[in-house]
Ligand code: FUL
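Take a look at this single chain, the form predicted on its own, given in structure tokens.
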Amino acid sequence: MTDFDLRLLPGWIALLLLAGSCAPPPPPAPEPFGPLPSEAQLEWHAMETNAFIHFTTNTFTDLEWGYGDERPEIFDPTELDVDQWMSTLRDAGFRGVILTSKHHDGFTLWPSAHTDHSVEQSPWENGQGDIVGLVEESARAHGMKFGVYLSPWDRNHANYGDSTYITYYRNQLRELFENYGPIFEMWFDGANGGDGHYGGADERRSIDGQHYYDWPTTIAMVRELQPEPHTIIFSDAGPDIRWVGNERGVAGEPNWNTIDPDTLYAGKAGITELLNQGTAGADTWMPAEVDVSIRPGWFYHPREDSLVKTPQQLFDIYLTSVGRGSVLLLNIPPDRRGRIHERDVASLRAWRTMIDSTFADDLAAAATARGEAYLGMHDDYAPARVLDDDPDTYWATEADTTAGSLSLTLTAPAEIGYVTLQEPIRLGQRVSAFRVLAEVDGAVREIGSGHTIGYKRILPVERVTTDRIVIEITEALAPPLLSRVSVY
């Protein structure tokens, strides 16, 4: 009312206007709790599904781990089509792709200036080809981010086990970042030392996995090579994301995005369970990435053509990875032609159809949300915030509680099978136990329960027909918050 004089209005109208202009401000926003994700980690969470590509001399030798003595001449795909890879992956919903630019055999898929054991010595494209360059270019053209895997172990290099090899390894990392960046994820694994060719030595070499690679220096170099956008670095122990502890496609229940890095060391009792579940209230945000292959092996083997995971198996993995608050990294290995095999393509397409059809119609989109207690009883934190499609708004309980509930009333009774919950993880991960109830035949009963939520929790529930469900947070590390509830 800056351009109007209230004295010109009847007294009772002026009083009403003044009262409305003095509405109480919202209470202070909830304080962040515990360690928080970086912007790069937030973007990684939102990707949900990424693809892994294993393709090298192993594809042609029918091995999983090359020994290092493979002749470059065997690498000769006859119908290489990386655009077929990328269109298949894009249509399956993948947001990023990680390429094995060098596996344990030491053969590099780009013409590295630091080794002769590369595509430059192969007959493919008369030695003028560059798989890394083709995949990087095609991924970006298809709207996907590009990442790389560079095996720390090298069974071909003569100096592996000596300090000079670390210089070689860092030189190759530098080539990848300078020639093919930006790189959204750098993937390191834990296979280190053993039998190898090692420049003709054909012997077993052991290294001190804790100190040999001097990872802090290498990671600092990566940060310097690509300060923005921040590269996500994966390994068994982070620093940005951790291994999930298995290759079956199963994140933990609970699945905490937090963990204490100093608890992650080789030989620790219960290490796989720790990696799988994380640690509630720990000091570092290091979520688990779920890596699994569409086939029994990581590289293409003709004998596995009949063993490609079915769409239902892939859907089940989706529920135990993305559906438990993790990111799924699904490996799809090209065959000896240099194409993703027809059986893999068919399974991926049907899997995508299953996901899209299952989660196409959010029954909560037009629902009404209610709750008896929320922060300051202010609209900014009301239950309706879980339905507003804004990830930055949320329902918040009062500041002195670690439990709470809200209810959704659907526009009409419907059969439901899944409930999706999301926490605003910019403010930390909080919920440690929840349950879902539904009103069925006039009585409210539990139809599902779980532990952690995190970025996204897809909970399969008992199939019932209902027009009212209740979300009940029963335990939390701090006052619980929810940014989204969906019903399917």
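Not measured: the values here are computed from a predicted model. Numbering starts at 1 and follows the sequence shown.
Another form exists, predicted together with the ligand; not displayed. Remarks below refer to it.
The partner is absent here; in the predicted complex, the one residue of L173, A280, L319, A191 having a heavy atom within 4.5 Å of the ligand is A191. Interface residue among D335, E185, D291, D240 relative to the ligand in the predicted complex, by the heavy atom within 4.5 Å criterion: D291. Though the partner is left out of this view, R295 does not reach within 4.5 Å of the ligand in the predicted complex, counting heavy atoms only. The ligand is not shown here, but in the predicted complex it comes within 4.5 Å of a heavy atom of H104.
Under a 4.5 angstroms non-hydrogen atom cutoff, the ligand in the predicted complex lacks F434 among its neighbouring residues.
In the predicted complex, F60 stays away from the ligand, with no heavy atom inside 4.5 Å. Contact annotation for the candidate site: H54, W65 and E247 all lie close to the ligand in the predicted complex (heavy atom within 4.5 Å). The stretch among 345-353, 96-104, 80-88, 310-318 whose residues place heavy atoms within 4.5 Å of the ligand in the predicted complex is 96-104.
Taking the ligand as positioned in the predicted complex, the only residue of 144-163 that brings a heavy atom within 4.5 Å of it is Y149.
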